[in-house]
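First comes one chain, alone, set out as structure tokens in the form predicted on its own.
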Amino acid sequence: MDFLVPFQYEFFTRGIIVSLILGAICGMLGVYVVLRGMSYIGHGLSHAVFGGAVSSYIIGLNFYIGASIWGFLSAILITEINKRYKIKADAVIGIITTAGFALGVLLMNVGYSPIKNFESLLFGNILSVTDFDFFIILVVSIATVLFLFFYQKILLFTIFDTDTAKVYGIKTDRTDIIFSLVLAGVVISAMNSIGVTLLAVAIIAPAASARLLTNNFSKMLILSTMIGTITAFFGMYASFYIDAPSGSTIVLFGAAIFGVSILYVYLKRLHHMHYHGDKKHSHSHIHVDEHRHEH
């Protein structure tokens, strides 16, 4: 079967496994990012780590070292500055994370000419994932799942009622920092596969799509994880045939599912369905001057 042709290649099989892991973990973590209103910090951190990656490679260190230092430092700075000073989070994120990205661009264009091709960091290339990359992704994914499992109740309490959580003795500031560090860890592990310029959408799109389809947290978590996995698989598969960066195709599939989710919700609202006793009744749900239904 033609569908199975790509699986004859070891590099593609490895890429599929990596994409499924990253799709699932990004979809899962994305639920908390969207509900906490942290979409911008996910976008920012994905750019911030680029400067650390380039700088560490130039001085002869593995790029994961610099990316980790810069990513974790950025996450802590954003949380602390937002908490201690009268500056809104979006402004702090914009300054710190864009500075990190600008540093990477600067170092790439001032004569250092690093041997490594950083295009994969910008746009992603799952097919080039090494054994070490796979190990990093696996470790971070396991750590993220464990964190979400053991901190789930605290995270939900912090998301939906921060003031009450503080009254009950929950250290919300510490929770925010730990969550930001976990988010930074996922960004760092996935940057070489999906790309720093595209990674934020891979985290946010599945959760945003799931949020449109359900108000139930458990269902949202399952849906987002499934959507992340599906978009990663088909995005990876498409990139093989059209010879495109895997990160871009994964993100485009994620954006497409988000668009379909919006269309589905819109059509559902147009054709409203409800019950009168045991009888199911449906009608067009179009709002005019007065909101009335004739039965």
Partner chain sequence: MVNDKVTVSNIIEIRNLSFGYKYHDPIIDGVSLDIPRGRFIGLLGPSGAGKTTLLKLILGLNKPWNGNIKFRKKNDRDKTKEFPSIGYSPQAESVDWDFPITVTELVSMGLWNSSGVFPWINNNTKKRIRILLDELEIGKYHNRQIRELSGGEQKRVFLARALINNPDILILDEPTSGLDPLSRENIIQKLIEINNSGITIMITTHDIDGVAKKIPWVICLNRQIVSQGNPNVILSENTIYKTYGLKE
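Positions refer to the first chain, counted from 1. These figures come from a predicted structure and were not determined experimentally.
Only in words, not in the display: the form predicted together with the partner chain, which the text now covers.
Under a 4.5 angstroms non-hydrogen atom cutoff, the partner chain in the predicted bound form lacks Asp173 among its neighbouring residues.
Proximity of Glu80 to the partner chain in the predicted bound form falls outside the 4.5 Å heavy atom cutoff. Among heavy atoms of Asp163, some come within 4.5 Å of the partner chain in the predicted bound form. In the predicted bound form, none of the heavy atoms of Phe132 sits within 4.5 Å of a heavy atom of the partner chain. Although the partner chain is omitted here, in the predicted bound form none of Ser39, Phe72 and Ile76 has a heavy atom within 4.5 Å of it.
The stretch from 195-203, 218-226, 136-144, 92-100 that comes within 4.5 Å of the partner chain in the predicted bound form, counting heavy atoms only, is 218-226. Of the candidates Ile178, Leu213, Val105, Leu156, Leu156 is the one whose heavy atoms come within 4.5 Å of the partner chain in the predicted bound form; the others do not. Counting a residue when any of its non-hydrogen atoms is within 4.5 Å of the partner chain in the predicted bound form, the one hit in 17-42 is Leu35.
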